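Taking the form predicted alone, here's one chain by itself in structure tokens.
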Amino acid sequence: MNLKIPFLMNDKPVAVVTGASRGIGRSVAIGLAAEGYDIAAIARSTDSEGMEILAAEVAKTGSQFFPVGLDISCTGWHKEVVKNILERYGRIDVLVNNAGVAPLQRNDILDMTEESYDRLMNINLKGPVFFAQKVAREMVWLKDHIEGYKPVIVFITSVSAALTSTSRAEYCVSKAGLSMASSVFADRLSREGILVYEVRPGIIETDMTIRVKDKYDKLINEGLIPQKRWGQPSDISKAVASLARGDWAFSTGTIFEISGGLNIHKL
């Protein structure tokens, strides 16, 4: 079941972050590096500029940086990527499944295309699920070979897993599916001593949301978010760092919504 593991394993814990070159992923990778993790950063090979920026930030923390080019939807390459990380470090302590995209064009659900739906399902759902599967198998094996090993998997979803947006239905459906995947992994891996969490960001100021900035500026000012501000990638990275540290070790399967109170139901 497991891939070939080097005899000498890294003493430092290793975090794998997908979609790491920008936005939430970049902030999470930097935050985990500051916590003492060596970082295997996964992003599409076309985003070399983003990876260079991340490499410089990780270097400031004194942690090692290993850039990996991968489109997460290309599941045929997952095994090779995990193998390469293990050959370099001998371990994976934390997986942050963050890679995801928005629709190229916002369309009413009645005009949604199969091409857009398939693209989001492959990147936002299928890719993360099967990548988590590959990593989880190795984590199960590593539990018996590393003293004090406490593996964690975090799925980054979205409030859109529960809140509808009729102009980007495929995004909502993909995130709802990933939310369920997080629960299923948490259930299955609890017997293996592997903690699994879902972090559900609200409206976060990133490259993905810049196209709708004016819309959400207005809604936030009108009270959509009780805390009346945009979320920042650092808000998410702090939550992930807390989960990786083991601060919530008796809470596997929990959804941590980081949304400024968007989850509050009120009249």
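Since the model is a prediction, treat every value here as computed from it, not as a measurement. The first residue of the sequence shown is number 1, and the count goes up from there.
The form predicted in complex with a small molecule is left out here; the points below concern that form.
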is_contact(Ser158, the small molecule) in the predicted complex, heavy atom dist at most 4.5 Å: yes
Non-hydrogen atom contact Arg44 with the small molecule in the predicted complex at 4.5 angstroms: yes
4.5 Å heavy atom contact, Thr206 and the small molecule in the predicted complex: yes
4.5 Å heavy atom contact, Asp118 to the small molecule in the predicted complex: no
Heavy atom contact within 4.5 Å of the small molecule in the predicted complex, the stretch among 31 to 39, 238 to 246, 55 to 63, 207 to 215: 207 to 215
Residue among Ile123, Ile146, Ile92, Cys172 with a heavy atom within 4.5 Å of the small molecule in the predicted complex: Ile123
